[in-house]
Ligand code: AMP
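The chain below stands alone and is given as structure tokens, in the form predicted alone.
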């Protein structure tokens, strides 16, 4: 009997801060033997259709998704929407708002970097982002290309990380509002990497009451003990387990594509949950 099919439900393409085009990522996921891969770019769904198109000639399913930066009780929480309608207006409006906030933040960070004498300007950041929502990794790469730092991590450690000279807090939507938006778009709402984001049981309990569907158990920054803790919280709070590599491209991040994949029955559980919202929306 062959190995059980797996799904990677957390990946990023060049449409946000990943290195690969959507079609390239899907081809790599197919070569890795995955049965399904979710495209969960930050604050936008621009890569989903290209990914679905690329998958049509391959033996792999693309799960339409998004990763939204949100806030609850002064805690930044990343929320995944899985099995969403990528064309839903509620997500388009959210993406426009988040994109505007990201650009305003980038403008301030670039101004602070220039005042420090660093070789950077917004035009180069825009060119690197190539239409994707601007994030700190784009600024870090521009600083690296200019020879101002020895690595992108060095850029975060010296200039862009929380509390560093160029750091600017994010503006983010409320987590409960984002959960509602994901549901309106026909998707299941999942808290990403609660371990590294320090999302405690109290907050998960509150979000579960607000309709949260699941939590990432598998993630590059979840060691075995953390996986056990999060899985226990899923069972206690009635939440579905999820997981993925949080893949951003070769040589970037903590894992390879598919390395922290999950069983297809986890994927099916999230699909069935999303179907509830899709049926509810169609019935309105």
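Numbering follows the first chain given and starts at 1. Keep in mind that what you see is a predicted model, and the values were worked out from it rather than measured.
FYI, the form predicted together with the ligand isn't displayed, but the following is about it.
Trainee: To verify the annotation, which of these, 135, 214, 86, 194, has a non-hydrogen atom within 4.5 Å of the ligand in the predicted bound form?
Mentor: After the contact test, the surviving option is 135.
Trainee: Please pick, from 112, 158, 170, 97, the one residue with any non-hydrogen atom lying within 4.5 angstroms of the ligand in the predicted bound form.
Mentor: Partner contact (heavy atom, 4.5 Å) among the options: 170.
Trainee: Kindly indicate whether 42, 102 and 153 are, all three, within 4.5 angstroms of the ligand in the predicted bound form, using heavy atoms.
Mentor: Yes: 42, 102 and 153 each sit within 4.5 Å of the ligand in the predicted bound form.
Trainee: When the contact criterion is heavy atoms within 4.5 Å, does residue 222 count as touching the ligand in the predicted bound form?
Mentor: Close contact is absent here: in the predicted bound form, residue 222 is far from the ligand, nothing within 4.5 Å, heavy atoms only.
Trainee: Looking at 135 to 143, 198 to 206, 178 to 186, 116 to 124, which one sits within 4.5 Å of the ligand in the predicted bound form if you count heavy atoms only?
Mentor: Answer to the contact question: 135 to 143.
Trainee: Within 229 to 250, which residues have a heavy atom closer than or equal to 4.5 Å from the ligand in the predicted bound form?
Mentor: Sequence-ordered list has one entry, 248.
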